[in-house]
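Coming up is one lone chain in structure tokens, specifically the form predicted alone.
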Amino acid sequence: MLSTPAQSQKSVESFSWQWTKQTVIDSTRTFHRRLFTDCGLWFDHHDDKVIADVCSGNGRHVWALANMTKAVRIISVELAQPAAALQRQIFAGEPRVEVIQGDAGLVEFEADFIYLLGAIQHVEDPLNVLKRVINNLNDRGELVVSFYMVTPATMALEPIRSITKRLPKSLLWALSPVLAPLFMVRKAGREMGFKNARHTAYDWFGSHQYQRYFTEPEIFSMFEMAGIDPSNIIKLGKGFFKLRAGEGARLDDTIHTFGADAK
């Protein structure tokens, strides 16, 4: 198993505490929306494939994938040692699941489909992580990745985080119910429920070492530097993308005529 330096563990201490010491709930309906519908996938898309969840926290998405798909192998990558240890307990009886404790920018594996959700904005070097994850895809393998975006709302909330990130974890968790309604404005937030919105509030305002926001041009620049052909990029929503490894489509601006004047 991979080991990680103390500084790396410090960077995820806040998340580790959140995912191992606090409870989160989800329904299969919510898992289906988050892992399939929102990603433009059918429920059987992963059948007979190797799939991975990178920066997997307490393994809730890994659990859903193990129970909702016929994937032949499910790889869970999590940096925080306590969270990875918890996952090994949870999946001790599931032979298809492999839990790897290690840095997303270093861990090497092969997969047909990778989820990198709610995580890349919390890593020290987003481009390095993106490159490593893409390199872990098999030919024509797919990745779904989400980013925190620069918006008027995120920029308005960031000064609040400059205060809340200095609070003890337990105190911020006690305050998170007050902040949770901010993340229930959108329909998806309401669907996930108040308890999940509380976790989202803690994610957003917590004491974790890294948190950054991206513009769309910055994201597309990262995709280019990671070697993704523009025709292999599908925008699923604001800050939410599906990518495919391998050669892209051959596109040009040649005009073609159809109908009465066609030759």
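If you're wondering where the values come from, they're calculated on a predicted model, not measured in any experiment. Counting begins at 1, following the sequence as shown.
Another form exists, predicted together with a small molecule; not displayed. Remarks below refer to it.
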| item | value |
| --- | --- |
| Contact flag, R132 vs the small molecule in the predicted complex, heavy atom cut 4.5 Å | no |
| The small molecule contact at G141 in the predicted complex, heavy atom, 4.5 Å | no |
| Interface membership of C55, the small molecule in the predicted complex, 4.5 Å heavy atom rule | yes |
| In the predicted complex, R60 touching the small molecule (heavy atom, 4.5 Å) | yes |
| Per-stretch contact check against the small molecule in the predicted complex, the hit in 88-96, 119-127, 158-166, 171-179 (non-hydrogen atom, 4.5 angstroms) | 119-127 |
| Candidate from I75, M192, A104, L137 lying within 4.5 Å of the small molecule in the predicted complex - any heavy atom | A104 |
| 4.5 Å heavy atom contact with the small molecule in the predicted complex for all of Q7, F15 and W19 | yes |
